[in-house]
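Below you'll find only one chain, the form predicted on its own, shown as C-alpha cells.
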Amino acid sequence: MKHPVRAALAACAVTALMAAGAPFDAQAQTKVGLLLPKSSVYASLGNEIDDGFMIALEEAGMAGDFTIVREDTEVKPQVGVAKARKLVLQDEVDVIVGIVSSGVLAAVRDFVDGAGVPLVVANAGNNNATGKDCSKYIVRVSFSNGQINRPMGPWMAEQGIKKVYTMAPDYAAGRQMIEAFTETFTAAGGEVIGGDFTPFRKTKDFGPYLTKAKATNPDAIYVFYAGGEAISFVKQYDSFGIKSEIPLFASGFLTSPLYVNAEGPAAVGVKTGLHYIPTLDTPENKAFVEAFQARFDRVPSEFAVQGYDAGRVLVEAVKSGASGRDAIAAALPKVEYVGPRGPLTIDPATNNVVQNIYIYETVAEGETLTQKLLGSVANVQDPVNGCAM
C-alpha cells in the first residue's frame, strides 16, 4: 500500500516535469546495479541503504523507470570485484550504487574506472576514494572518514576539553578517523595524551584498554567504533565505571540510530558528530522520517539517508536528460538540492559530498533513546588530497 505523503509527492513530481517540458523520458529505463552487503557483518547496513534508495525512487514517482539488479558483496573485496564485473559485463547496468566496505571500494575502483561505469558510493568512507584514487566515474554521497571527524576537534576544544585519549579499531577507517580528529584538535590547542588501536573484529574485552585510558587522567575519551563493536564498547564503558568519571565523545557511528537501542542506557550522555540525525527539525527531514517510518516501522538511520541520497542524485541526473554511462557520470556531480540531512552538493574537484556535520548528545525520552542537537558545522568540504580527474 502506498503511503499518502509519498503518493502526493510522486504526483507533484510528475506534474511538475510535464508542465516544465523537462527532457526526462518517462519511458526510458535506467539499469541500476545495487552492490551492497546482504549477508555477513554489514548486512543490516546494506538493507538500510537499499530501503532508503527505494524510498527516493518512489518519492519521485519513478520506481518503475529503473530496473534494479541486486548483488551481495559479502563484505569481501574479491567477491565485490566479481559481482561488479557481473553487473557491468553480464547485466550491462548503466550505473552501480552502493559499496559499504572501504576494502570493497578499493578493490572495485580500477575496474569501475576502466570500464567507464558510474558508481554512486552510498557508504564507504575511505579518504583516498575521493582523494588520490579519485575517478570521474565515482561520486560519493555518504561521507569521508576525515569529513565526519574534523569538526569535532575544534568543537571539543571550545568546550574547554584540553587532554584527550583516543581509541578505534585497527584498520584503515579507524586510523583515518582518529587522524582527522587529532589534526584539528591539536590545531585548536588540545593535546592527545595517548591512544590505542584495538584488533578489528577481534576485541571482545575493552577492559584493559579502558583501564589504560583512565590511568592517563584525560578530560575526555574520543573514539570511533561501529556496529557490534560500538555496542560492546559503549556497554563496557559504562559497566567498567568509566562513564561516571570521564565523558565520551566519538564519531557519530558509535551511537547510530540503527543500533543505539541495543546499547541502552549506557549510551545516554555520549556526544558525537555525524552528517545526519533523525531529529533534525526541517520540513525535508520531517517528510522523509514520516515516509520511512510509515513504510518500515522504524526511525531512519544515517545509512537510510545515504541510500535515499544515492537514489535522489541518480533520479535528478536522469531527470536532467542523462542517459547512458558517460552522460550519467557527467550529470551526477552537478546535482544539488536540500534533503533530509540539509543542503547537499558534490565538490567537482573531488566528487565527494559537501554537507553539514551535526554534533549531538544521545538522550532518553521516557524509554526511548533519541538525539539532542548541540551544534552544527555547515558545508564541510574535503581537501583535494591528491585528486586529479
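So that the term is clear: the rigid core is the largest set of C-alpha atoms that superpose within 1.5 Å between two forms. What you see is a predicted model; the values in this text were computed from it and never measured. The first residue of the sequence shown is number 1, and the count goes up from there.
Keep in mind the form predicted together with a small molecule is missing from the figure; the text below concerns it.
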Legend entry - Proximity to the small molecule in the model of the complex (heavy atom, within 4.5 Å), stretch among 311 to 319, 207 to 215, 112 to 120, 221 to 229: 221 to 229
Legend entry - All of Tyr42, Ser102 and Phe143 with a heavy atom within 4.5 Å of the small molecule in the model of the complex: yes
Legend entry - Contact residue in the model of the complex, from Phe249, Phe233, Phe288, Phe253 (heavy atom within 4.5 Å of the small molecule): Phe253
Inset, instruction - Could you work out which of Leu280, Ala173, Leu87, Ala266 is the residue within 4.5 angstroms of the small molecule in the model of the complex, going by heavy atoms? - result: Ala173
Inset, instruction - Answer for Ile161 alone: is it within 4.5 Å of the small molecule in the model of the complex, judged on heavy atom distances? - result: no
Legend entry - Partner contact for Gly125 in the model of the complex: the small molecule, 4.5 angstroms, heavy atom: yes
Inset, instruction - Spell out, yes or no, whether the shortest heavy atom distance between Met177 and the small molecule in the model of the complex is within 4.5 Å. - result: yes
Inset, instruction - Report whether the minimum heavy atom distance between Phe185 and the small molecule in the model of the complex is within 4.5 Å. - result: no
Inset, instruction - For Ala330, state whether the C-alpha moves by 2 Å or more between the shown form and the other one after rigid core superposition. - result: no
Legend entry - Val41 C-alpha shift between the shown form and the other one of 2 Å or more, rigid core reference: yes
